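For reference, the chain that follows is the form predicted on its own, supplied as structure tokens.
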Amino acid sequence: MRPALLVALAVLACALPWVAGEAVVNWGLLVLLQVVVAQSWNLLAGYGGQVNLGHAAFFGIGALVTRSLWMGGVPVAAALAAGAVAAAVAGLGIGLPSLRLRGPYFAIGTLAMSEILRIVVATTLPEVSALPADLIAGYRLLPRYYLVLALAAVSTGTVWLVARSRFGMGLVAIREDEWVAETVGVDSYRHKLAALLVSAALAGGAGGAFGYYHLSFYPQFAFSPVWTFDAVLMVFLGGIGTVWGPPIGAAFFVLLREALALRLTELHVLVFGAVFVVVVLALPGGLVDLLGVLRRVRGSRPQPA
């Protein structure tokens, strides 16, 4: 992405609460939250080739820990950090045994962990988690928007740095052929484990922002598989294994989903599924590929004499 365009988008994102209504700002917050979720999944799967089917577990842990600490009087920044750390510790617990195995074991292990946590939380915390009156009285959308904007910038910056680092090249080598990567000196286990910890921490941060944003929600919803499969959809729509694909996919996903939900109510899921299939079949590299095609077409036009 060109620096000038990047700066323009950053300025627009920062200025949005001052030039748009609350409904638009709320949509912008949801897009930015999904950017964090998508980037965290993309880091491990897109660059490391490790498909995480239990991404919702890390999101839910971050949401539960952050919200519990914040409602207990801990400053939101410290609560958010604790949520991210808790998610990373959970990632370490699942990654230490499963990443030593090749094949689908990691995907199966993460999916099992996520479902176990969802069932446990649904059983032990069946009631709605609602904010007390004093926190509701001080609720403001603006700090929550800027918090999620900062997380989106951090997650995208992290992926950008990884993509241009020696560590990132090692991850890509593992994704392409793990055996060959190890023969040239790449420690695949350590690379995958490190990527998992960063991915889990970012997902935990997104969950923490979700817990801080909502006035009330069922705790088990934060562990819903929707947080995993939405991330998969957004990454593939935008372009897996790219820096700017997940943000593009997140914006496309949220805006199209909301537009279809408003107009087609119960049919919007089917229509969105059809749109997803068409985009993936026509553009295997995601919407990032479409931008590249348009750029090449514009560059190939004959210049006026």
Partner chain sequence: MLLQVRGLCKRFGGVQAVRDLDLDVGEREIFGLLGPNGSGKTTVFNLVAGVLPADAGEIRFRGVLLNALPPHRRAALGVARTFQLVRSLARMTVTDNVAVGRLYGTSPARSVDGARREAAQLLDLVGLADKAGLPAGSLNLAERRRLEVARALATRPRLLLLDEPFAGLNADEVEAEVRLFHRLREEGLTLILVEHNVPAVRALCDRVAFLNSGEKIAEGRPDDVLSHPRVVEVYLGRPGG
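Residue numbers count along the first chain shown, from 1. For clarity, every value in this text was computed on a predicted model and none was experimentally measured.
Another form exists, predicted together with its partner chain; not displayed. Remarks below refer to it.
- A heavy atom within 4.5 Å of its partner chain in the predicted complex is found for exactly one of Val172, Met71, Val198, Val121: Val172.
- Proximity of Leu12, Trp18 and Glu22 to its partner chain in the predicted complex is absent: no residue of the three has a non-hydrogen atom within 4.5 angstroms.
- Across the options 181-189, 82-90, 218-226, 104-112, residues that bring heavy atoms within 4.5 Å of its partner chain in the predicted complex belong to 181-189.
- At a distance threshold of 4.5 angstroms between non-hydrogen atoms, Arg140 is out of contact with its partner chain in the predicted complex.
- For Tyr212, no non-hydrogen atom is located within 4.5 Å of its partner chain in the predicted complex, even though that partner is not displayed.
- Of the residues in 163-178, those that come within 4.5 Å of its partner chain in the predicted complex through at least one heavy atom are, in sequence order, Arg164, Ser165, Arg166, Phe167, Met169, Gly170, Val172, Ala173, Arg175, Glu176, Asp177.
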